[in-house]
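A single chain comes next, written as structure tokens; it is the form predicted alone.
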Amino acid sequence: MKLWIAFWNILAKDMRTYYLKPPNVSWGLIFPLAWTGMFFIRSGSGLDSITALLPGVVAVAILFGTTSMLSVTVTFEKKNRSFERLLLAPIPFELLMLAKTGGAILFGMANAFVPVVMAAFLADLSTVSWGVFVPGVFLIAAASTFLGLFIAVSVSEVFEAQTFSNFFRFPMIFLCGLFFPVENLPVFLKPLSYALPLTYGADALHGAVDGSHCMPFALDLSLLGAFCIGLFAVSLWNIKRKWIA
């Protein structure tokens, strides 16, 4: 069996079974729309606030979309023993898990561009550095997906996965510089902020949209990539230890 055929079929199966269902598609559209509208109305500063709010709304849409979907789907498949059947496929384990997480990454990127499309009708996005924005969106989606995988492996029930997800998601909203600079945080919280992957994703998106970043783009994207590799490796180790061994 060619590896790319196996990869594509696993990815396509998950897309049909989970991500392309009408409720998930509608939720994937409504959630970013709701966040965009909420922050735009709350800011009360008119159209000028759109570019300042856009990076944060994009990052939140990715974070909630990927972690919610993946933590549920992987936990559900493990509980129903369908994940065990996939382990019989004659492909490397790492490739199998990349196929299982690929749908969530694509779902997160689709979520990200809903507020971008909205903003394009209301603000001038001609100054956005898309060469940084698009890789930043991809790496945030990958890091959030692998975080969701880590959460899914750590629990046994779907409701536990959602609860455990919030333990990571809500602190990230306030600590990662999504809507106000990390420099404004108390001194004792800054080390925690820099230990979270979304901090570097938010910095890259802010820099790409309005130039308000505090770290070089290369550093932001490199550290995001390192978080992706680290979270994926830890998740694979946990799967082998808890689900296979």
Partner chain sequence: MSDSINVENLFKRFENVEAVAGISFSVGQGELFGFLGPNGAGKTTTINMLTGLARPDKGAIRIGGIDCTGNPKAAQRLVGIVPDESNLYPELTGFENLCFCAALYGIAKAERQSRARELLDDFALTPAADRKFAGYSKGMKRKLTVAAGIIHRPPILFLDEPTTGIDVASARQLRQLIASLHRDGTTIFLTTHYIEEAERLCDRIAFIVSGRIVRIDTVERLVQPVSEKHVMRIACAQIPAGIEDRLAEAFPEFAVALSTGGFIRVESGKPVKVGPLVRFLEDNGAEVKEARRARPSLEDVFVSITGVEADAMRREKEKKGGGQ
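As the structure is a computational prediction, the values presented were derived from the model and not from experiment. Numbering follows the first chain given and starts at 1.
Heads up, the form predicted together with its partner chain isn't pictured, but that's what we're talking about next.
*Asks:* Taking heavy atoms and a 4.5 Å cut-off, does Ile10 contact its partner chain in the predicted bound form?
*Replies:* Ile10: yes, in contact with its partner chain in the predicted bound form.
*Asks:* Does Glu157 reach its partner chain in the predicted bound form, with heavy atoms at most 4.5 Å apart?
*Replies:* Looking in the predicted bound form, residue contacts with its partner chain do not include Glu157, since no heavy atom lies within 4.5 Å.
*Asks:* Though only this chain appears here, would Phe113 touch its partner chain in the predicted bound form if you measure heavy atom gaps against 4.5 Å?
*Replies:* Phe113 lies outside the contact set for its partner chain.
*Asks:* Please check if Val117 has a heavy atom lying within 4.5 Å of any heavy atom of its partner chain in the predicted bound form.
*Replies:* Heavy-atom contact with its partner chain at 4.5 Å: absent for Val117.
*Asks:* Quick one: find which of 123-131, 102-110, 144-152, 89-97 has residues within 4.5 Å of its partner chain in the predicted bound form by heavy atom distance.
*Replies:* It is 89-97 that comes within 4.5 Å of the partner.
*Asks:* Relative to its partner chain in the predicted bound form, which residues of 73-89 have a heavy atom no more than 4.5 Å away?
*Replies:* Counting only heavy atoms within 4.5 Å of its partner chain in the predicted bound form, the contacting residues of 73-89 are Phe76, Glu77, Asn80, Arg81, Ser82, Glu84, Arg85, Leu86, Leu87, Leu88, Ala89.
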